[in-house]
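Okay, so here's just one chain, in structure tokens, the form predicted alone.
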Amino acid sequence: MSFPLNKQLVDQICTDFGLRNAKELGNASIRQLVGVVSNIEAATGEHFIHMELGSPGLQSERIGIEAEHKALLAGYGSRYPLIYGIPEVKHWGSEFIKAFVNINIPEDCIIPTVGSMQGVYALVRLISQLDPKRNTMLFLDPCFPMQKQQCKVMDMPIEAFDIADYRGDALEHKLEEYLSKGNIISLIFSNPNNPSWMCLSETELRIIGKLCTKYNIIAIEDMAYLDMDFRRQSGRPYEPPYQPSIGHYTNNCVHLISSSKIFSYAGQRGAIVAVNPVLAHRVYPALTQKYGNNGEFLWNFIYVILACLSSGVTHSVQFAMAAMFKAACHGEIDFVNNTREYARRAEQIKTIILRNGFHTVYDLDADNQPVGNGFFFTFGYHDWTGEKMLNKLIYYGVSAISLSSTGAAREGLRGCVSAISEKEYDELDRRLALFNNDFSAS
């Protein structure tokens, strides 16, 4: 089938997924979009260029697989795991953070979760109950859309602003504007950022940390892409430069480290929540009143919130995470060099996109440095909205997500490089050239 695809067929598939037509794809969830695209592929026989889902495009670390296999053969599959984590994952999780972030988080403050998705959900549920006078989450946008959805599911109010226009010292004034109102209890951000791939500088992290201490705000730092700012020669255990972290500037913080991207282990849903020890052992009267316990942050996180969400993280997955953390600390896994493949792909794909009339939406980082190449990138077309781009590109066999779903103040799409192989570069070039030929004058 030639491009563009049959409009009636594509619109019918969109309707089947609860949308009125392809024009509504910009409002679809990522998983809904994946379903639409999969059905279009099945109906047309045309393979899409997939840029919508941030799923790893590399092989899982063999050490993790072997550790899981060994644990299952040893009979751990028949036993409930410890809700607070097996000793191995707590020890090597703590050591991993020391080796690559240069932060000391005690073993008792390392808690495994079923991916960072569960980690954030549990944290938001707990944090929303800490202070009856403060109940709002602040997002440093753009952000991973599902984290806002989690707040919505739990009826936690949110506020947000796009940090792209408030870099460096300007960030302090903007944060003061929000935090001084007295309704914010926590803020959340990823670094590198999903979707823009901007990276917060040490200056900016120092500002955030200082204000979190000043206003008693809990910072949730999502390190899903730890050490994946490939402009830096990082990734050597116990050697600088380390992953930048707010943990160097405040005790009011929690760190999320997932095995999904750094170890390409997304399918097994393993992550750790690392709670700063000062915050971990802080007592909140509101928790004591509500649950009749000691009111400690960490105790309630584990035994009240997580205990309601699952019976712990899969036993074999905990052994896998422990093995991968240990191997990375010993230099047996070079996860930074392995994931550098994403930067190589991004460089090629961005060249193709720019050649065919598109532009980079988030192009500058702190200090006006170009945004680096990595797992995600952003792109726009003329002055089109992201929704318009998406509902036109879908007919050319190219899928991505709208930046508007991430809270971005700028229009365009987020693309992920992980599912695009080198053999698809020429086809991507061909499809975007057809697209540009059809719309360049519009």
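Note that residue numbering follows the sequence shown and begins at 1. This one's a predicted model, so the numbers in the text were calculated from it and none came from an experiment.
Although not depicted, the form predicted in complex with a further copy of the same chain is the subject of the following passage.
- The single contact residue among Val283, Ala366, Val278, Leu309, judged by any heavy atom lying within 4.5 Å of a further copy of the same chain in the predicted bound form, is Leu309.
- Residue in contact with a further copy of the same chain in the predicted bound form (any heavy atom within 4.5 Å), chosen from Val89, Ile218, Val317, Leu200: Val317.
- a further copy of the same chain in the predicted bound form is approached by Leu82, whose closest heavy atom lies within 4.5 angstroms of it.
- At the 4.5 Å threshold, heavy atoms of Arg125 reach a further copy of the same chain in the predicted bound form.
- In the predicted bound form, His47 stays away from a further copy of the same chain, with no heavy atom inside 4.5 Å.
- a further copy of the same chain is not drawn, but in the predicted bound form it has a heavy atom within 4.5 Å of Lys261.
- In plain terms, the part of the chain that comes close to a further copy of the same chain in the predicted bound form, with a heavy atom within 4.5 Å, is 309 to 317 out of 309 to 317, 201 to 209, 240 to 248, 353 to 361.
- Across the proposed site, Arg167, Ala170 and Pro370 without exception lack any heavy atom within 4.5 Å of a further copy of the same chain in the predicted bound form.
- Contacts with a further copy of the same chain in the predicted bound form, taken as any heavy atom within 4.5 Å, map within 121 to 146 to Tyr121, Arg125, Gln129, Met146.
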